[in-house]
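Before any questions on how it binds or moves, here is one chain, the form predicted on its own, in structure tokens.
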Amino acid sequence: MSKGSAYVASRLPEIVGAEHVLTDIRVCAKYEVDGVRPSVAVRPGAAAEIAEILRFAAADQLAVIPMGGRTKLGIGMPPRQFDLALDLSRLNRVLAYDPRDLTCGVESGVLFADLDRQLAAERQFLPLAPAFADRATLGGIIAAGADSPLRYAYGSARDYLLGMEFITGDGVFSKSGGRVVKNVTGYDLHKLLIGSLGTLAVITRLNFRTFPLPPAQQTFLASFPTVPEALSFCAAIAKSPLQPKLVEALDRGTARLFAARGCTRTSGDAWSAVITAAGQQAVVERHARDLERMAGDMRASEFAPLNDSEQAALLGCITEFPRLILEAFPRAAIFRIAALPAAMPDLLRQISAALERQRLDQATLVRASGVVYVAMLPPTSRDAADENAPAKNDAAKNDAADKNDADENPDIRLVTAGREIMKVGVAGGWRPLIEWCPPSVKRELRAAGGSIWPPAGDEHFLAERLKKVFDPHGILAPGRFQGGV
């Protein structure tokens, strides 16, 4: 800090009240970002207080990271500087909700689960379906650019986020878009904040379009021995007249993970396709007939509708995929790769080869709309079998020595595989991101000249200019975004 934490702690109570300024070391540890701990955490209760805090931080060059439920802080690179945690959890009001207009306006600290319950009471929903749904806030979900399994039918947040109010790094109130569909005019500046990780501005209000809950819903499971067959089935659905709510594919590693969490309706085959149809009962029944016929034509080893409990368990596991991985394998790294559906078989083949070379297991979830999640899992017991095999020549001895080095520091394998997959992704024109990984892996990547992000290209100049416009003093989450922005 440019000035002592005691000085900062003495100034902040004037803005938010002493009870909302937290300086205890143990409390501040809960706000760590990749092992970097702030000196002070502050809990404003209004947008005006946030603006005053940011003006104070800018004047004293204090680095600020905004946060809510703290479920997405693992996304992004470690901050270059972190002085002040801006806890937005007190901004938790639903400001406007008109079920007839299918719109709602909320403060950024509203929990997704709380809004979901309120919308469900009116037979409506918001198709974000985030991981960590019980703790995630709307502002954090948007700032992290969180993906949703419902994007197949409803698109991403940018398709139903109508407008936003936010405060720039120099404490200026701003807004973009509108509060209802017909009032959305002008430049969609708020869409720049989607996925920005809090590096441009602090979100204070979000206006969404909501959707009616379908009267009927049914989920189906189709199993295939290989990934090309499973993905071909998904592609055939996209080309058909059917309009399902969700189409996902998962490998055996993901099926095992789901089974361990009580989701028993997953296949023993290499790949499974999961399809959810929703709408009027006649629409759901047509999906059932046509999907069964298509699965038979494409020689699926199994096709089955799921009952209500099986459906809830499986869809819950799909939604919480990153959470389940991190709970089962705290040292795992998870790629999120955007790619055209036609490119996915080749992408998955190259990823599997890279992980096999590093003796890493994997759990894969494919969103048929164009997103692949690949969890790189830490070394398993098969390494012990490798150690018992005698080295037959000098090359084998060198390989064994390299393997022992990797065993002493398993992060090396994740870093090596991660850099290879990143290179493959960039060369293929895909958009790879290591969305989740231990802080030690991020440090190893940085030391090796890499990052969780792909190399910054021509867009880096634009990103830097936007940063200077929105955050001229560079105090918001410095270094967390692509290219060190």
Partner chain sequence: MDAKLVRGLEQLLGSAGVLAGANDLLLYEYDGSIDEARPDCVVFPRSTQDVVEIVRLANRYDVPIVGRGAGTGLSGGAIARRGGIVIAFSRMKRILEIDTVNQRAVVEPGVVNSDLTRAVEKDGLYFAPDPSSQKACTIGGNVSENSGGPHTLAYGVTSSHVTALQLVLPDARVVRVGSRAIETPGYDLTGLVIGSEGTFALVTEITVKLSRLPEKVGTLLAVFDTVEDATDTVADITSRGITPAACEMLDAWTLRAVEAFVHAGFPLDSAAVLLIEVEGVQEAAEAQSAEIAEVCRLHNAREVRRAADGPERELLWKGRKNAFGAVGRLSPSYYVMDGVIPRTKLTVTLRYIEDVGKRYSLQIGNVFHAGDGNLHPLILFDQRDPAQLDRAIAAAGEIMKFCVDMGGALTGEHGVGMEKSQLMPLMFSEADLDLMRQVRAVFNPEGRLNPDKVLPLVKGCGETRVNVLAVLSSGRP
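Residue numbers count along the first chain shown, from 1. Here the structure is a predicted model, which means the values were calculated and not measured.
Just so you know, the form predicted in complex with its partner chain exists too; it's not on screen, but the next bit is about it.
Contact segment among 44-52, 62-70, 426-434, 29-37, judged by heavy atoms lying within 4.5 Å of its partner chain in the predicted complex: Selected range: 426-434.
Residue 56, heavy atom within 4.5 angstroms of its partner chain in the predicted complex: Residue 56: no contact with its partner chain in the predicted complex.
4.5 angstroms heavy atom contact with its partner chain in the predicted complex for residue 150: Flag for residue 150 set to no.
Contact flag, residue 469 vs its partner chain in the predicted complex, heavy atom cut 4.5 Å: So residue 469 counts as contacting its partner chain.
Its partner chain contact in the predicted complex: residue 114, any heavy atom under 4.5 Å: So residue 114 does not count as contacting its partner chain.
Candidate spot 172, 188 and 461, all three touching its partner chain in the predicted complex (heavy atom, 4.5 Å): Result yes, every residue of the spot touches its partner chain.
Contact assignment for its partner chain in the predicted complex, among 254, 272, 108, 369, heavy atom within 4.5 Å: Checking each option against its partner chain in the predicted complex, the one that comes within 4.5 Å is 369.
Candidate from 159, 308, 327, 346 lying within 4.5 Å of its partner chain in the predicted complex - any heavy atom: Only one listed residue qualifies here, and that residue is 159.
Residues of 196-219 having any heavy atom within 4.5 Å of its partner chain in the predicted complex, listed in sequence order: Residues within 4.5 Å: 196, 199, 200, 209, 212.
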